[in-house]
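What follows is a single chain, given as structure tokens, in the form predicted on its own.
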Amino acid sequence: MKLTSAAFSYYVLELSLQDEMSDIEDKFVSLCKFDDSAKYIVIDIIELMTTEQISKLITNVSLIANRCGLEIIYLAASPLISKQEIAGIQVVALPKGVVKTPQLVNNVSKFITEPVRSGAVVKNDGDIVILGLVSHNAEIIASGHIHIYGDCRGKLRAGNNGDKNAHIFVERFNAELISIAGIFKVIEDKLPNNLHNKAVHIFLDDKERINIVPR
């Protein structure tokens, strides 16, 4: 199961029979924290299922979405879907290019030498290098890599144009959210001792999972 940003108006949730409802609910809760304007979800079935299995899955996911203030608006058309409507949800072909693809990055690094205070947003079409503190509720958004040579307590989004090869490096890691190419992780629980306030390297593996490893 993967939940990714597809457009500014909705998110796409990839589903298979192996996905647990509790995991889906966790994804939705994290999504609402990540993007408080999120409202609409499109379901993309990525495993061969019967129409009855798809219908049951959609019904269960819709109940979870409603509890989280989200709405299932479409089921993405694919060779795995034989109906035009299932469980009251219309099957539609997603517009070409709706999924974010890597864009050309100017590769001009932005250097920040002052602390990034709470509520501030730093953006750059390239790498961002910060030589000090990133406060709680501050946000760093880079098309390329992010390097924090100090304490980080805010939100970090690398590869913001869809670059899944982007990396994040933090000298003292205590961030509240991390994201690479739209794949995100909300840090809600206390980090293990080998990561909390330690130097870390963050990247996507070949299965598009976020990895946080000590440096």
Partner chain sequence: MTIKHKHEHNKIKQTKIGANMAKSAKVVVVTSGKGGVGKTTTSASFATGLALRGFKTVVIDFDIGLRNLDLIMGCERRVVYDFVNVINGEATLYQAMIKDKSCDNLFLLAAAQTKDKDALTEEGVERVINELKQEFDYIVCDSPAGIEKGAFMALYFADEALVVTNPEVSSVRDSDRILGILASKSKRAVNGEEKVKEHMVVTRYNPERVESGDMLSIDDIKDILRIPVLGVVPESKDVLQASNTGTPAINLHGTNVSEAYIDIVARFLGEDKPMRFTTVEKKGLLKRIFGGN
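Values in this document were obtained by computation on a predicted structure and should not be read as measured data. Residue numbers count along the first chain shown, from 1.
Here the subject shifts to the form predicted in complex with the partner chain, a form of this protein not shown in this document.
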Q) Does H136 make contact with the partner chain in the predicted complex, using a 4.5 Å heavy atom cut-off? A) yes
Q: Indicate whether E85 is a 4.5 Å heavy atom neighbour of the partner chain in the predicted complex.
A: no
Q.
With a cut-off of 4.5 Å between heavy atoms, is D151 one of the residues that contacts the partner chain in the predicted complex?
A. yes
Q: Evaluate P79 for contact with the partner chain in the predicted complex, applying a 4.5 angstroms cut-off between non-hydrogen atoms, and reply yes or no.
A: no
**Q.** Heavy atom contact within 4.5 Å of the partner chain in the predicted complex, the stretch among 118-126, 68-76, 139-147, 85-93
**A.** 118-126
